[in-house]
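Listed next as structure tokens is one chain, alone, in the form predicted on its own.
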Amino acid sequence: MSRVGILMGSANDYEIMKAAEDALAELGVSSEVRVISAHRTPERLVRFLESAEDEDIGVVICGAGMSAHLAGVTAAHTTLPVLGVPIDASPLNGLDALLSTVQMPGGIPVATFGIGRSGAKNAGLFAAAILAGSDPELRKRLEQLRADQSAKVPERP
């Protein structure tokens, strides 16, 4: 089964991006978590992506705040699916990161999720859904997770 790369622009972002790692782990999907800044460590990003497919990475999740270029730069260097998670790391409460991530020019796609922890969790679940397209066992686990979530919703308050 393929693994998921989880990249973040700063070690401070791990508190948020751990939600993606946890969502994947709950489904039995392994991940490779790295701190890689699009601006401060661009060579590290290129090295990671050059070996990603050989390391069985099938999807890359990128979390970044402020100018949030990590997902876009990542997508420019790979044809693997790239999922962007904007992080609230500025006085603009993550709106700057959201716009930087979602407003990709045509031709270099990045799937963009909500700001913060729920966006990271959903990115993890979406990465699993992408991988489940070619992994029937993972698809069953994902279906069970959805059924379990539904069962926890009461009919009345």
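Quick note: we count residues from 1 along the sequence shown, nothing fancier. Computed from a predicted structure; not experimentally measured.
Quick note: we don't show the form predicted together with a small molecule, though the next part is all about it.
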{"query": "In the model of the complex, segment of 24-32, 63-71, 110-118, 46-54 with a heavy atom within 4.5 Å of the small molecule", "finding": "63-71"}
{"query": "Complete contact of S2, A132 and D135 with the small molecule in the model of the complex (any heavy atom, 4.5 Å)", "finding": "no"}
{"query": "Listed residue that, although the small molecule is not shown, lies within 4.5 Å of it in the model of the complex (heavy atoms), from L98, L125, A89, M104", "finding": "A89"}
